[in-house]
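Presented as structure tokens, the chain that follows is alone, the form predicted alone.
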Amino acid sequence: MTDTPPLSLKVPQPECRPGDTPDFSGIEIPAAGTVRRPAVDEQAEAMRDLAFTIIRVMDDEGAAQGDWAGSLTDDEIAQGLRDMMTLRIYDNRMMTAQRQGKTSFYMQHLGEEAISCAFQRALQKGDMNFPTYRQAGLLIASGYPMETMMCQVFSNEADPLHGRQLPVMYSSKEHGYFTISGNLATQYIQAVGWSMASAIKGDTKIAASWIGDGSTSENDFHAALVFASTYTAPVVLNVVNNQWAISTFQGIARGGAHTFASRGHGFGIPSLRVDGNDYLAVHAVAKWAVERARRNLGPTLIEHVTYRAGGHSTSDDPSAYRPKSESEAWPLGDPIDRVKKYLIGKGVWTEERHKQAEAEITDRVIECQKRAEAIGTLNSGHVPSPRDMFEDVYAEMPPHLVRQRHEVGY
């Protein structure tokens, strides 16, 4: 009888923990401009290679390289830089406001600003995003009023959601920003359904869904891919791989797959990986995928390779599970610094102009914050009416809710 060794369970472990030296040597990063750009109608099986590389446009010197370059003018890139700067400054102000007790909760985008800001510029009015809580750049880039965003964070009387949503869970139909759900991954299948409805109606609008690396382990992620593939839904399926799902490193959700993008292969969906810290590359890939969807060629899965430089939220302390210097070691750099370097290299931006833009944006954000705080914050001023708890649920309010509303004086 042959002795059989005992079974053992493999639990993936991150490369580094607190106290270790950060190591990203396992990430293969091709030179900028070396990854091919396929025809927009290329079949999924012919582009399997694009799920195992990283599409990059800006090189280390700040120059644009390769076939993916050229999707934006210098003026448009400068506006993208302002969008990212606005988002970062807005984040800083709201993080401080949370520490001051003006809101209960906040989630910043530090290091990920290029993804949502660039992607939005590839969409058209009427298209619908189904975001997570770290895509506020979609709103910034589409011109959504910042004061309204702050009122939602402060849950004051001017909050368009009447205090019913957790701070940062914005919603704006007019700006193509579907209401955020606190339940992970639900937006993925919703986006596919919305895009299928658009196709059924013979419309021209497409959907874009968003998910983090950790949430790809949810059932809704896989269900969305099944429906998107089967019905060639006009949807772009974004996976933001920022390396950490709160304290769980991305290898847990990725499992044995080499990349998150490769998950699309089992469903026959064209899948690409892009440098999420490269504004030019994100926009170029988004534009390619959006055109594919709008031409009725079906879904595309995009993995945005990036790094969450800050904590998961104001409730998180990343130093408890990763090296403090890990964000500094991230090899794809800072998205704002990279675009700034590109524009300076083109002669259309300067250090002085950057400082001026930073000051102007800061002043604008502070003014918006003053107006929002004058209405109210979590602990002061005008807050939503208790009556709002009972509204917007039934077309005709049932008697038991009418009675409860009267009991609280409304």
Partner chain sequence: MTQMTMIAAIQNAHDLAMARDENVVVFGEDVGYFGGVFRCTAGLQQKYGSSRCFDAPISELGIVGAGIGMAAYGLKPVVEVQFADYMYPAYDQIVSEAARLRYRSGGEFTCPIVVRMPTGGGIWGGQTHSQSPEALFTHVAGLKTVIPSNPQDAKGLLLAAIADPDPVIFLEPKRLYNGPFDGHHDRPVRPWKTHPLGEVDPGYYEVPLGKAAVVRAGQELSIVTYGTMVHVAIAAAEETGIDAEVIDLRTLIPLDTETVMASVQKTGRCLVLHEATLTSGFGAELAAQIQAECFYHLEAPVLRVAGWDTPYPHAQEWAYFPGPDRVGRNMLKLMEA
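Residue numbers count along the first chain shown, from 1. All figures in this text were calculated on a predicted structure; none of them were measured in a lab.
From this point on, the text means the form predicted together with the partner chain, which you will not see here.
The partner chain in the predicted complex is approached by Trp194, whose closest heavy atom lies within 4.5 angstroms of it. Remark: Val402 does not count among the residues lining the partner chain in the predicted complex, judged by a heavy atom distance of 4.5 Å or less. For Ser25, no non-hydrogen atom is located within 4.5 Å of the partner chain in the predicted complex, even though that partner is not displayed. The partner chain is not drawn, but in the predicted complex it has no heavy atom within 4.5 Å of Thr73. The stretch among 108-116, 90-98, 330-338, 225-233 whose residues place heavy atoms within 4.5 Å of the partner chain in the predicted complex is 225-233.
Out of the listed residues Ser155, Thr132, Gln120, Thr300, Ser155 is the one that sits within 4.5 Å of the partner chain in the predicted complex by at least one heavy atom.
With the partner omitted here, the residue from Gln243, Ser215, Thr86, Thr314 that has a non-hydrogen atom within 4.5 angstroms of the partner chain in the predicted complex is Ser215. In the predicted complex, Pro18 is the single residue of 18-32 with at least one heavy atom within 4.5 Å of the partner chain.
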